[in-house]
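Just the one chain here, the form predicted alone, laid out as structure tokens.
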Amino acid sequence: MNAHPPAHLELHISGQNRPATDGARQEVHSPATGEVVGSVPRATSADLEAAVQAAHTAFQSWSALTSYEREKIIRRATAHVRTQADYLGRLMALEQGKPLAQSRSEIGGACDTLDYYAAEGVRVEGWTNPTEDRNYRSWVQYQPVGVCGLITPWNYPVSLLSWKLGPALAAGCTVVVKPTSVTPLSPLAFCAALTAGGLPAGVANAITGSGSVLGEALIQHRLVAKIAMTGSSDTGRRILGLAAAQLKKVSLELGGQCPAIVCADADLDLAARMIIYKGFRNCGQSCSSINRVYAHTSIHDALVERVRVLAEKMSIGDGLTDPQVDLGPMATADGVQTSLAHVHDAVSLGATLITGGAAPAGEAFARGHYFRPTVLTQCTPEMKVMRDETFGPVVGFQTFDTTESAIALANDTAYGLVAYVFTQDFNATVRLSEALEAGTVCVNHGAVNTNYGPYAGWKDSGYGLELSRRAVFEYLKPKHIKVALR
């Protein structure tokens, strides 16, 4: 039996929590036990219209505030949300499966992101221009784009919302949030908590329901000026096509198939810890996960052994029962099936399974979407694990002999989100970092996402950027004002 009563949440529109117009609801299930842990409304087109209209109305007053005034309001709102971290974190752990300690941490990190952008809003600067005539005056200023539609994923349901919500609010935009149906509880409650903390009614609205119905309607709504989405590359292409008809601003954070190059001189203990951290954290359900490792022939076996030992020490279980467990279940049954398929494909093509490759044994894992951390060696480029985004706790290893071959292998992909390098040589650091086709390169660490650093996907991994102060400008439009004096 579920020890936690199900959470039955409502839509959040114009500062009010309300059911769907027709009363329809959808259940949310635990990936750890399969039990119902909550429900949310299945919004109708009328509900979507109400949310957009609420955001449109609120935009007039929110955008008229100074950035300093918005900063104070946002900071008060996030201060309130921080007091709700236990509640919001529990919702996330229930619906997504990640351990409670990591879920709580995600709420705090999301508040940090909103605070970061609230401070960046006051630093948006225009400029004046010298003119061709002494009677002309020319200056440039930035104004918010308007109502923004934010479409968010299930792997980091509140963190990845904050990457969009933070710069949008700081810029003076209002939003309609459409979270995925897999994890609607925590983002819905997060938006409501911001309003409870003082964010004006209608500034942050959230609706839940069918993505195919609500998502496309949100993208095509005439009052929605910008769309921001995190999801698959295929979904990103569809969104871009729909938005193109109205020439809307779009920013997309899409898929990855991230390589790690481990050079002969690398600190192997460090490299192994980072491969474990970025390969298996959140069960590999991250666009920036290390998916494939290219290890120099001379250190390959020693590195694999270190990774194996660490992988087999990782604790797996229900992250609510044990908040400090390393890995909870995967969020969906599809994720388990994809992980299995990629393992079977690799083994059938000659890879060696070092550890993992299946669900953990035992009654405690029978009803959940569990999968053990998995390491494969003797991988080759045609294997799915080295080519497609597994989005699961599976890491493939391949050897290399020269830096040039490692670069060629790492770049041989349609994706270009993040790449990792492990070396103690400065020349190799510079050469590899500049040659790798990725928007982010991490050298000797796994701290990919930082508020101050731009997160921009190259190739099929993105469109526009998130994070860094530059992300504010994704929610602003420039205006040139030229005046002739009399």
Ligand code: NAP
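Computed from a predicted structure; not experimentally measured. A residue's number is simply how far along the shown sequence it sits, counting from 1.
What follows is about the form predicted in complex with the named molecule, which we do not show.
With the partner left out here, the named molecule still marks one of 360-368, 126-134, 112-120, 230-238 in the predicted bound form; by a 4.5 Å heavy atom cut-off that stretch is 230-238. Although the partner is absent here, F190 sits far enough away that none of its heavy atoms falls within 4.5 Å of the named molecule in the predicted bound form. By the criterion of a heavy atom within 4.5 Å, E389 is counted among the residues contacting the named molecule in the predicted bound form.
Although the partner is absent here, T180 sits close enough that one of its heavy atoms falls within 4.5 Å of the named molecule in the predicted bound form. Proximity of F397 to the named molecule in the predicted bound form falls outside the 4.5 Å heavy atom cutoff.
Between the options P373, G416, P153, G317, the residue in contact with the named molecule in the predicted bound form by a heavy atom within 4.5 angstroms is P153. Checked against the named molecule in the predicted bound form, the candidates D412, E312, D265, E216 yield a single residue with a heavy atom inside 4.5 Å, and that residue is E216.
With contact defined as any non-hydrogen atom lying within 4.5 angstroms of the named molecule in the predicted bound form, the contacting residues in 203-218 are G209, S210, G211, S212, G215, E216, given in sequence order.
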